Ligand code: UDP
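To begin, one chain is listed below as structure tokens, in the form predicted on its own.
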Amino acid sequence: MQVLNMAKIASIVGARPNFVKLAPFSRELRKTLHEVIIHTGQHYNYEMDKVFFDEMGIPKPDYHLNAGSGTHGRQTGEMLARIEDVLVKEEPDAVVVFGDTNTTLAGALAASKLHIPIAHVEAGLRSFDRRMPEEINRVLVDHCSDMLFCPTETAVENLRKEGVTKGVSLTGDVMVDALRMCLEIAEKDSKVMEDLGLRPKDYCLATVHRASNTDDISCLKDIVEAFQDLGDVVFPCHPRAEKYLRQYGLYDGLKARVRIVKPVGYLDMLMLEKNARKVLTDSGGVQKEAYIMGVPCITMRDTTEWVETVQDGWNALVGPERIAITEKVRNFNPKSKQREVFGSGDASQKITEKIKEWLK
């Protein structure tokens, strides 16, 4: 093993949620350790990829693997092979993976086969819905990781129930770090409200990207009809959602009633979330950001890994059902106050210190 101050950490990212988590972590890590960033290319257009590096000051990746799209198996396999080649070349002292994407799984598997220690940022989350590819990724990555950095006490308890206690740390959530790092910048620099002609609390913000909602015509049709019923919806349209909206002949009808825009960068997304009257989403990260910023969230899923947002009364699970979505948007008004269940904004520092302790 290398001397600590020369230790090399490989951070493996590839999708929009990974980039948000990487930004504050990389900033902290590079104060004392050497970082190599490996970008798989899971997300590969500007709105889903490079804009995050530009806005959040993430260093340029040392490797871009251009793995691109494909089925879950094909994409993960392609990334696994290419990540392995880089790890053999770089010989890092540890690999860091983030969240629950296919990139996360591929990075963890590649490192485990090479006996390189694995740190999982955002460990222990469970929706208990094995139909979600992300749930499978979470479980597998946790069970082959050496350092498991949990954002909440619930996550620690989930791991304990699965017999995972060694290497587990409660650190808080790096997305709180990212939000605090970027919100002031967003309020100063973002022009998205003016560009879209929006007034605060005068619209609902919607995001849809999960395969269970986009690929199933019945679910997607229900969601589309709910958005049309509501009318005052701003919808940054994920490429996957746009693909199936067009394929199923739903795009033009939705566009006639709803404000469809291209995916936006992190700073613009924060401003759209903060100023929305309600948020409608199937994204884990958006649920959490809405909670932190005090915006009621309606989640178009039957389960969530962020159970605290539901327990505290700020997030309503409705599934992809037209009537349930519209009813909650019109009548869901949280009464309680949010807690610091995701930490106080120092998760990146705690994780970096834990990695340094482990390397010693």
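For every residue, the number given is its place in the sequence shown, counted from 1. Owing to the predicted nature of the structure, the values given are computational and were not obtained by experimental measurement.
One more form of this protein exists, namely the form predicted together with this ligand; it is left out here, but the text below deals with it.
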Would you please decide whether residue 10 lies within 4.5 angstroms of this ligand in the model of the complex, comparing each non-hydrogen atom pair? no
Is the gap between residue 17 and this ligand in the model of the complex 4.5 Å or less for some heavy atom pair? yes
For residue 117, is any heavy atom within 4.5 Å of this ligand in the model of the complex, or not? no
So in the model of the complex, is this ligand close enough to residue 250 to count as touching (4.5 Å, heavy atoms)? no
Which of 158-166, 262-270, 225-233, 123-131 lines the interface with this ligand in the model of the complex (heavy atom within 4.5 Å): 262-270
Of 275, 213, 112, 283, which one comes within 4.5 Å of this ligand in the model of the complex, counting heavy atoms only? 283
Which one of 245, 148, 279, 175 is close to this ligand in the model of the complex, taking close to mean a heavy atom within 4.5 Å? 175
Using a 4.5 Å heavy atom cut-off, are 52, 209 and 289 all in contact with this ligand in the model of the complex? yes
